[in-house]
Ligand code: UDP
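Next comes just one chain, in structure tokens: the form predicted on its own.
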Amino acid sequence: MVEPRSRSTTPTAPLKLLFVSTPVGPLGTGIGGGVELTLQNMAQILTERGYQVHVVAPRGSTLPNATIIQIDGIVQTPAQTQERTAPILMPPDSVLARMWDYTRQVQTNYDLIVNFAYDWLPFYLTPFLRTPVAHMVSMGSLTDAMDQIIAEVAAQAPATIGVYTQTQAATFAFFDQCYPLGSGLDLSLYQFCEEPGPWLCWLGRIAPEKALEDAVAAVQATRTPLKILGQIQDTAYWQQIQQDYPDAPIEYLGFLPTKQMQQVVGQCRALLITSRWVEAFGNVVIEALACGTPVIAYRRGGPAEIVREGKSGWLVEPDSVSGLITAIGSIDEIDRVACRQQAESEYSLSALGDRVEQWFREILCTRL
């Protein structure tokens, strides 16, 4: 039984929000993948609309124009690296545990807690907290333990499970309890580039589930230069790709801040998305479109809901390098202006803010 809250809430008024970040690494490092950008953009638009937003995050985090409560501790192992039947584990001095202990202590200072961690502990703690918790679930079904605990929260607290896309929601048995939010960008940070160079680009965490090797194989076959951007999460995996494709025309540029990243992406003929797992959304897809850069993606997960076939890119049979090669040969058929227009019409920061505010209202109205 949830105790009555100590603060009255008017769902239509700007709220005091406590965002609790992913515990896999500091914000600003790229270790957390797309959820970092989602948190940043939600914080930006809600702050602009008068909300008070504080962010609890691992020590070393950076976030533009935001109040961050820095928490010490050992980071969590990313869920996507675990087997489906893996047990729940936390390291000694867990930053995840410490972030949520802090959250428990200060919870009554806030109208709503927003969880961005794809981890078991925040869901388990939800019924014991006096302040309601909105969960931004950043990935699809990965482990049995996570599926079970999220399902329990979805049943106990309707509307609190936010997801990016219907495709992501469909990976869960409780898909009808999920609240699709999509994503959005501060489009003023992304410059449209009408005349790209000869390069392609690949942007994301460098880890096996992202299947960078498929993109490298495709550009080796087409002799098209590829610029690679992102955090190296698995060093051995990256080294293996370099060994397997020593003559591939690739260049690794590292993890770049948005300003530098969008300049590189905008100058490329296309962005390649080659994930082997179901991407919940794919913020990099809309970042590319915002630059006018078409997207070639496997017909899998969130990118398949974003890319308009023949208009803003091409969708390819999953895991088909030959399909990537064919699409690369047709990329100049895509109108780059149409790519930017899609980003403006569907993925602005304002549109994201509208959806998030509606989500919060439903959660709080249910709670009253």
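Numbering starts at 1 and follows the sequence shown. Everything numeric here is computed off the predicted structure, so don't read it as measured data.
One more form of this protein should be noted, the form predicted in complex with this ligand, which is absent from this view; the next part is about it.
K.L.:
Find the only residue in 313, 33, 301, 58 having a heavy atom within 4.5 Å of this ligand in the predicted complex.
P.N.:
Contact residue from the list: 33.
K.L.:
State the residue from 192, 174, 237, 277 whose non-hydrogen atoms include one within 4.5 Å of this ligand in the predicted complex.
P.N.:
After the contact test, the surviving option is 277.
K.L.:
Heavy atoms within 4.5 Å of this ligand in the predicted complex: which of the stretches 81-89, 200-208, 146-154, 67-75 has them?
P.N.:
Only one stretch qualifies here: 200-208.
K.L.:
Taking 4.5 angstroms as the cut-off for heavy atoms, does residue 246 touch this ligand in the predicted complex?
P.N.:
Contact check for residue 246: no, nothing within 4.5 Å of this ligand in the predicted complex.
K.L.:
Applying a 4.5 Å heavy atom distance criterion, does residue 184 contact this ligand in the predicted complex?
P.N.:
So residue 184 does not count as contacting this ligand.
K.L.:
Test of understanding: in the predicted complex, would residue 230 fall inside 4.5 Å of this ligand by heavy atoms?
P.N.:
Judged by the heavy-atom cut-off of 4.5 Å, residue 230 is in contact with this ligand in the predicted complex.
K.L.:
Can you check whether residue 127 is within 4.5 Å of this ligand in the predicted complex, heavy atom basis?
P.N.:
No.
K.L.:
Given a 4.5 Å distance limit between heavy atoms, list every residue of 268-290 close to this ligand in the predicted complex, or none if there are none.
P.N.:
Sequence-ordered list: 277, 279, 282, 283, 284, 287.
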